[in-house]
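Below you'll find only one chain, the form predicted alone, shown as structure tokens.
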Amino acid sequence: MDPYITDWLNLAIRFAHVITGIAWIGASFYFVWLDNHLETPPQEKADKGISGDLWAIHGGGFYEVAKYKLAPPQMPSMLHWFKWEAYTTWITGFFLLALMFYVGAETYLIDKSVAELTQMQAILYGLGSIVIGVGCYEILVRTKLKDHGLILGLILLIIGTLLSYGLMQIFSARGAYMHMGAIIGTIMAGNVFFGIMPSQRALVKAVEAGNTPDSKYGLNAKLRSTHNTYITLPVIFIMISNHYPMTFNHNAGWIVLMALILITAAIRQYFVLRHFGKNQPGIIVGAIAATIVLAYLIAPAKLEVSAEQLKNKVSIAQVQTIIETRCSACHSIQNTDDIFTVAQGGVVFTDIASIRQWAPRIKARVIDAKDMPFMNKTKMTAEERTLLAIWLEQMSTK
């Protein structure tokens, strides 16, 4: 596919995915907040079957919200459903995954240093991992384990860790992270499709038939909604991690991923507790401390240049040759790379002045982290990285 067309498709789908995701997450967060802030209603409302109510002000107006314990005596003429936000977020997310990691499997998903895969094998492994992850969740959440949140959570954490480790053994680190995000996102959409919507349809059907709704439907929908609220922040993190290789470009990236999932879920727990008036800042402090410790532990080892190496003068011509050979395909005014047709990250190397301008980025990404060139597409050698490190050190001591 023409890279220019791919870029526009990527932009359009990504934009749609972000917009629909905001709508879904916003509605989800609002209803969780609303449900947790409902107060005991006055007697005249309680007599009508209302279990909680709430007053709010927004946009220059007052709102009165009431929630029935099961259902109203009769179905209103207009009932608003919240489902397409979830469905369109998943659909656009899957299209984006397919475009970047399946159509572009050889660029983003397949890392020959990890596993020799064909494009079709990579696609099948990717889709298979989503089916396995979502299937395990759906099986477990339909058992009695759903009534034992801690045990269910621990089992799912173990399964998630195994999936994370397995994905890192067959895909690029970036691809492994995105597929964990796809698994979690599909679980969230599945909670709407397989749990919340059927339960709500059953409630509506009972009211329309003049029957008393079974409370199990409401409880099932609430359980699935609760699960979704705790995995929302982890899936958002994974979505943006694509831009921050220091999170996944690590030989223990699967452990890093699970640690960040736990940290972001803990942050969500803090805000859920705040809904009930329980302020526990220790959770936020703990999450921040854990993030700092994690950042320290996964910091890339800096390439140290010895005094003996510094005696070897590295010429500007040598540096320019390395940059032109290994970097300029993706970082020029007119790129020659078949995928990245415009300068990535706005980094352009035109002369020695521009190389000096981006020296801190070269040191951080090329020399220390070694995540550039992208997936070492241009085959930069360890010797070339060392030469750049020597030149940067010599330049800093002038």
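Residue numbers run from 1 along the displayed sequence. Computed from a predicted structure; not experimentally measured.
One more form of this protein exists, namely the form predicted in complex with ligand HEC; it is left out here, but the text below deals with it.
Trainee: Given ligand HEC in the predicted bound form, answer whether the residues R174, P373 and M380 all have a heavy atom inside 4.5 Å of it.
Mentor: Every residue of the spot touches ligand HEC in the predicted bound form.
Trainee: Whether F31 contacts ligand HEC in the predicted bound form should be assessed with a 4.5 Å heavy atom distance threshold; does it?
Mentor: F31: no contact with ligand HEC in the predicted bound form.
Trainee: I'd like to know whether R268 contacts ligand HEC in the predicted bound form, with contact meaning heavy atoms within 4.5 angstroms.
Mentor: No, R268 sits far enough from ligand HEC in the predicted bound form that none of its heavy atoms falls within 4.5 Å.
Trainee: Can you work out whether F340 and ligand HEC are in contact in the predicted bound form, taking contact to mean some heavy atom pair no more than 4.5 Å apart?
Mentor: Result yes; F340 sits at the interface with ligand HEC in the predicted bound form.
Trainee: Taking heavy atoms only, is G345 within 4.5 angstroms of ligand HEC in the predicted bound form?
Mentor: Because a heavy atom of G345 falls inside 4.5 Å of ligand HEC in the predicted bound form, the answer is yes.
Trainee: Only one of 66-74, 346-354, 38-46, 52-60 has heavy atoms within 4.5 Å of ligand HEC in the predicted bound form; I'd like to know which.
Mentor: Careful reading of the contacts points to 346-354.
Trainee: What residues, if any, in 353-367 have a non-hydrogen atom within 4.5 angstroms of ligand HEC in the predicted bound form?
Mentor: The stretch touches the partner through W358, R361, I362, R365, V366.
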